[in-house]
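What follows is one chain in structure tokens, specifically the form predicted on its own.
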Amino acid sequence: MDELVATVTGFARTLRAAGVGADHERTGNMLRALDHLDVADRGEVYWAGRLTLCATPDDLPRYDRCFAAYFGGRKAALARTGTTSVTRHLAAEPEGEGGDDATAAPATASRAEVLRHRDVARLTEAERAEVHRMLAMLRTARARRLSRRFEGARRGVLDPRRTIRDALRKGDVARLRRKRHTTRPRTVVLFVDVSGSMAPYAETLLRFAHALVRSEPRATRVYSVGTRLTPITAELRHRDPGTALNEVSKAIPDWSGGTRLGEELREYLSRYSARGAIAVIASDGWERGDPALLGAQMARLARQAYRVIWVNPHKGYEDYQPLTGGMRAALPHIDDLVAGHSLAAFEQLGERLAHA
């Protein structure tokens, strides 16, 4: 039963990352539905999830993509084994026999769940390609901020213009019109370190950046940092991740060089603004420049930005200590220091951006 719960909750997390509102209540409904179905039948698992986890027509294509990626491409079991209690069914499963069709879906899902937590720098090419496929489906919501625009509302401040216009049209003040500020997604400014020390993570970070741009095209700005500051948002707007990465590779002139983040942040702050934005820096902090300069620019960035998040791939390990000169200089000006080494870490970062 624990394995089934872990599988279903992991699938729900994948759906939430793709933009489907598969909350805890819907996840519980799917588990209750499976308790009356044959969990070895891939078709029954599919429909149990589709009917309980999806709420809008937009959810359906996302659900299909996530189901195919999470439960693998194997054919469903053709023979129904009969309605069986989930608990009894799992208890009857022989250990170490994961090769037949009856156990294909849970076994594949378990592998996917394990893969979500593994360091992308230690994956095989095939495993990394699978993680990148799941990353391409990541759709993150974005924290919202009040805009200067107003919209009509039942509650809010008095809207005298609409009230008077109604009165002129109807000859009487039928009711007082009210308005409130609209909201818009908070801008994310992402800096991706493409220096030599970040080479094992750079491609995955750029694919995460592609997912962010695809989720909120107008509220995401991405720059590569190394020895030069290079804007790459336009290249990442291409729908296909492979094509986008090819365009990015052509645009970045300083792959696998050193890191002069202090100088590049100074250039960014002199040319652009991060006012009100969430600033995300993805780097291991191996600064080749002056750490004091990096500290000063981080202080400027923190004063402008709504929140500063530093994504360090090494933060995913329990014994990690921020001992590099760059990290020690930046640390006083960071709101959140988070991991960025696995698919699960990127999903958590997406959740953080949605609730910042």
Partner chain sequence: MDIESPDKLIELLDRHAYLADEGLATAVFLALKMGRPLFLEGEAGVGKTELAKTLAALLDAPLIRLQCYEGLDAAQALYDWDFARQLLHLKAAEAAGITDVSRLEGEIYDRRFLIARPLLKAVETQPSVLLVDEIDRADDEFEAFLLEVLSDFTISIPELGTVRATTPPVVVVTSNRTREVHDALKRRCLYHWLEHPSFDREVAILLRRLPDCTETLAAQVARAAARLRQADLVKPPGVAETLDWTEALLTLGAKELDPGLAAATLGAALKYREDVASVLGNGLLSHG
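This one's a predicted model, so the numbers in the text were calculated from it and none came from an experiment. So that the term is clear: the rigid core is the largest set of C-alpha atoms that superpose within 1.5 Å between two forms. Residue numbers count along the first chain shown, from 1.
One more form of this protein exists, namely the form predicted together with the partner chain; it is left out here, but the text below deals with it.
message: Among the candidate stretches 281 to 289, 165 to 173, 195 to 203, 242 to 250, which one is within 4.5 Å of the partner chain in the predicted complex when only heavy atoms are counted?
response: Residues of 165 to 173 come within 4.5 Å of the partner.
- prompt: Heavy atoms within 4.5 Å of the partner chain in the predicted complex: does residue 33 have any?
  reply: The answer is yes: residue 33 has a heavy atom within 4.5 Å of the partner chain.
task: Please check if residue 306 has a heavy atom lying within 4.5 Å of any heavy atom of the partner chain in the predicted complex.
output: Contact check for residue 306: no, nothing within 4.5 Å of the partner chain in the predicted complex.
task: May I ask you to check whether residue 273 falls inside a 4.5 Å heavy atom distance of the partner chain in the predicted complex?
output: Close contact exists here: in the predicted complex, residue 273 approaches the partner chain to within 4.5 Å, heavy atoms only.
task: Could you confirm whether residue 154 comes within 4.5 Å of the partner chain in the predicted complex, counting heavy atoms only?
output: So residue 154 does not count as contacting the partner chain.
field: Selected contact from 180, 117, 145, 238, since only one has a non-hydrogen atom within 4.5 angstroms of the partner chain in the predicted complex
entry: Here the answer is residue option 145.
field: Residue among 68, 55, 331, 302 with a heavy atom within 4.5 Å of the partner chain in the predicted complex
entry: Exactly one listed residue reaches within 4.5 Å, namely 55.
message: Within 4.5 Å of the partner chain in the predicted complex, counting any non-hydrogen atom, which residues from 17 to 37 show up?
response: Contacts from 17 to 37: 23, 25, 26, 29, 32, 33, 36, 37.
query: Is there a C-alpha shift of 2 Å or more at residue 341 between the shown form and the other one once the rigid core is superposed?
result: Moves: no, less than 2 Å.
field: Displaced residue check between the shown form and the other one: residue 64, CA, 2 Å or over, core reference
entry: Yes, shifts by 2 Å or more.
- prompt: Superposing on the rigid core, do we see a C-alpha displacement of 2 Å or more at residue 320 between the shown form and the other one?
  reply: The answer is no, as the C-alpha of residue 320 shifts between the shown form and the other one by less than 2 Å after core alignment.
task: Over in the other structure, so in the predicted complex, do residue 139 and residue 28 pull closer or drift farther apart at the C-alpha level? The difference is 3 angstroms or more.
output: Between the C-alphas of residue 28 and residue 139, the gap widens in the predicted complex (3 Å or more compared with this form).
message: Closer or farther: how do the Cα atoms of residue 25 and residue 131 compare in the predicted complex versus the shown form, where the change is at least 3 Å?
response: Residue 25 and residue 131 sit farther apart in the predicted complex.
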